[in-house]
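First, one chain by itself in structure tokens, the form predicted on its own.
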Amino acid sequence: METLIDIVLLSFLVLTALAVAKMHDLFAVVMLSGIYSLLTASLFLDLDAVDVAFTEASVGAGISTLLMLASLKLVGRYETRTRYRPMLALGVVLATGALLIYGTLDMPHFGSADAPVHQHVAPRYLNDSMGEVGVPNVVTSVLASYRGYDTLGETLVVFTAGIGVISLLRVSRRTKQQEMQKVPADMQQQIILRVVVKWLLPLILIFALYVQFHGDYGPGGGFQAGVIFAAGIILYTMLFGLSNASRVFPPKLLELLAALGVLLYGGVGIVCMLLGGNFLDYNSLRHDPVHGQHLGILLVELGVGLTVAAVMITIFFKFTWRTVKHKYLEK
């Protein structure tokens, strides 16, 4: 039965990818891309990769779809049709795909217990993480403790992306004031949506906090929680305008929170060193090493959540202000 489900999901993925390649309506492409991410999350869930499925659903089907919808206001809805046939590019894609398929012939069989990935560090993570870290969710213990350096690097990548967007999409104060003084005209008549969002927004934000602080015991963590929190604020902004959203999250505050998250993550590592341990060695934070691991993971995950949420909201705000500036120049 599971094999049949995998085949069906993979078939839907292929059909969705082909539809995305053939579409010239960019709005339809964005919607299909969200469906593709949702199908991918379903496939990960069927493979018992719950944390990965959670991340794909929140990032791929959630925040990415909202950001691409915002970018459509800058580029237009329909793709410009080309008169030439990119046969060379098609040949490169086919050759690369053939090489990738050829490379999979040497891979171990699916689900094989003798696969190298199952014989390296995975047994130690599965067998010793509860005693060394004390976190029931092994994925969280791996990402935030065993591989804390990698997760710090990923957080820095998100922060750097936010800096890049802020630098590239600079907007004048006059344009910001023009946008903050109005609510999208096409959303003013959507009374049902506005009422529903008012009821859903507190639940979305509470769920984001649950995902943030329950990542030690179940699927979740800072990345997923930050994206869910940002999606709730972006949804509210799309319906009620930047004026209301900016009162709670001014741009300067968002930039400060993005930097604060990175500083909190790195600061935990520095405190560990000052207490006699290694960088990001949480054992030195408390007399009981397991309690130290709990405290360190809680703090670094909070830093990740702050940075991710602030950067995602900032990117959306920048796209929105850029759209207003583009319309102003057209007039």
Partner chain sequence: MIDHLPILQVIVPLLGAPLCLIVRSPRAVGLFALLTSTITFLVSCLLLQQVLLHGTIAYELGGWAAPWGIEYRIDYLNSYLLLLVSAMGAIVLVASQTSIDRELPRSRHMLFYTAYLLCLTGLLGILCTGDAFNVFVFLEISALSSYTLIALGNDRRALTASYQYLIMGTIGATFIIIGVGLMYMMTGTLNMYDLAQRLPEVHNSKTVLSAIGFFIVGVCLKLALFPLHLWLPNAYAFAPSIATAFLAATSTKVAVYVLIRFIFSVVGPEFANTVLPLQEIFVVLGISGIFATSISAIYQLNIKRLFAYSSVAQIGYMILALAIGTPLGLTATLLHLFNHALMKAALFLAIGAVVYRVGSSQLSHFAGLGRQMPWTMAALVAGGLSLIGVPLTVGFVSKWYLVLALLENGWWPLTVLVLFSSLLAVIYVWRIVEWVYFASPRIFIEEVKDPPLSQLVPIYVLVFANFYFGIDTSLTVGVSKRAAEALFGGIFL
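This structure is a prediction, so every number in the text was calculated from the model and none was measured. Positions refer to the first chain, counted from 1.
Keep in mind that the form predicted together with its partner chain is missing from the display, and what follows is about it.
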Inset, instruction - With heavy atoms only and a cut-off of 4.5 Å, decide whether residue 230 touches its partner chain in the predicted bound form. - result: no
Inset, instruction - Decide whether residue 125 counts as a contact residue for its partner chain in the predicted bound form under a heavy atom distance cut-off of 4.5 Å. - result: yes
Legend entry - Contact test in the predicted bound form: residue 159 vs its partner chain, heavy atoms, 4.5 Å: yes
Inset, instruction - Decide whether residue 147 counts as a contact residue for its partner chain in the predicted bound form under a heavy atom distance cut-off of 4.5 Å. - result: yes
Inset, instruction - Go through 299, 35, 262, 290 and name the one with a heavy atom inside 4.5 Å of its partner chain in the predicted bound form. - result: 262
Legend entry - Among 233-241, 108-116, 191-199, 204-212, the region lying within 4.5 Å of its partner chain in the predicted bound form by heavy atom distance: 108-116
Legend entry - in the predicted bound form: members of 154-168 within 4.5 Å of its partner chain, any heavy atom: 154, 156, 157, 159, 160, 163, 164, 166, 167, 168
